[in-house]
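There is one chain below, alone, in structure tokens, taken in the form predicted alone.
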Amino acid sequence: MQWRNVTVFLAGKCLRMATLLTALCLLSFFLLRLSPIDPVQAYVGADMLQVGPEQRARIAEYWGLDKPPVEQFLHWASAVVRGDFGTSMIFRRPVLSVIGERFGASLFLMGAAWLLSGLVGFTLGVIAGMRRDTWVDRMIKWYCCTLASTPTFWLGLLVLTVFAVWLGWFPVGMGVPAGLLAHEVTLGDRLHHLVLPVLTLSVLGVANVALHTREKLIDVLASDYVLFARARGEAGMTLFWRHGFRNVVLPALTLQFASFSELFGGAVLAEQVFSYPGLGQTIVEAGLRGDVPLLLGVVLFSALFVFSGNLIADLLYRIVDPRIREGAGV
């Protein structure tokens, strides 16, 4: 019976994912078509004055821009089904190649920020819950509420100004030092350029996990079995490790996986502020320059990334809550 529930659950998720991806692609395509950006002009760039009407028509024909919008979308969709995402107009390379290269950089950035924010947020939440209504608790809540209302780009500019411009401890931007060939760039150089973007993303991601862990731990500490443990003489971190840790770590973990959408959105802004060559900066370039194949490819890939995080969170919820695992929440 449990396997049947899991099968139905996964089938429903796959159907929702297919519907979501179709709607996102349709919306992104037609919004880009309605935008004032001329893909041919963006393709030619500053040399537009030297391009005649015939050359312009040939460029549009080469990229399929002379066809009706519906026909363009259907042609792209049929190619995607066959595994062909097309060629980027900006980079003159296959879309999957561009996404693979840029996603590697973004994955390193988001992964480090995700791990750091989860660890710091969980630790702060445990401290606040164990020290409820003390000055430590009030300071952590104030810190988290302030972070929850702080825009990513503003914090990124602040961090950039303080640590890169004033103190000069870190580079102003980019993913590697300027002027170096690819084989000359070391891992230390990449990590040095990664510190400020990771710091910006991780600091903002702390608030939700910390506040959620605090409230969950307060509920656990007020339960009957914890009161009984206190009556037996257990207290402090011994009480937490025996009775609190397992009850708060899984909910915090599911919340962290469910935050993939906020993480990706924050990465887009952080990559723009720090000129970091990741997937977020790529989607901005594709939108501003009318690169339809690249934009739709990144939209598909980012949607799959966010959906994967939400799916993992849902599966963890089924593990944590037996009522959902037994089918009550399906």
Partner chain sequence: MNGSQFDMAAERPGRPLTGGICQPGFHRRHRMAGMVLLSALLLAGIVAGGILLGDSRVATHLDIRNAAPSLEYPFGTDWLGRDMLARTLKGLTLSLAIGLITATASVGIALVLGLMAATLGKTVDSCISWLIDLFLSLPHLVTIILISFSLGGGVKGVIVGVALTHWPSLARIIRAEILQLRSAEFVLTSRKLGRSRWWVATRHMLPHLVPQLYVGFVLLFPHAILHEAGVTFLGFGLSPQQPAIGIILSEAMRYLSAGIWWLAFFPGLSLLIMVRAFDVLGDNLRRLIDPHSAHE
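Residue numbers count along the first chain shown, from 1. No experiment lies behind these values; they were computed from the predicted model shown. For the two forms, the rigid core is made up of the largest set of C-alpha atoms that agree within 1.5 Å on superposition.
Keep in mind that the form predicted together with the partner chain is not shown, yet the notes after this line are about it.
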Contact assignment for the partner chain in the model of the complex, among A148, L167, L191, A79, heavy atom within 4.5 Å
A148
Contact test, all of L24, V273 and A303, partner the partner chain in the model of the complex, heavy atom 4.5 Å:
yes
According to a 4.5 angstroms non-hydrogen atom cut-off, is I140 in contact with the partner chain in the model of the complex?
no
Please run the contact check for T161 against the partner chain in the model of the complex: heavy atoms, 4.5 angstroms, yes or no?
yes
Does W154 reach the partner chain in the model of the complex if we count a contact as any heavy atom within 4.5 Å?
yes
Mark L311 yes when one of its heavy atoms lies within 4.5 Å of a heavy atom of the partner chain in the model of the complex, and no otherwise.
no
Can you name the residues of 257 to 274 that have a heavy atom within 4.5 Å of the partner chain in the model of the complex?
S261, F264, G265, V268, L269, Q272, V273
Establish whether a shift of 2 Å or more occurs at the C-alpha of V306 between this form and the one not shown, with the two forms superposed on the rigid core.
no
Quick one: once the rigid core is lined up, does F29 have its C-alpha move by 2 Å or more between this form and the one not shown?
yes
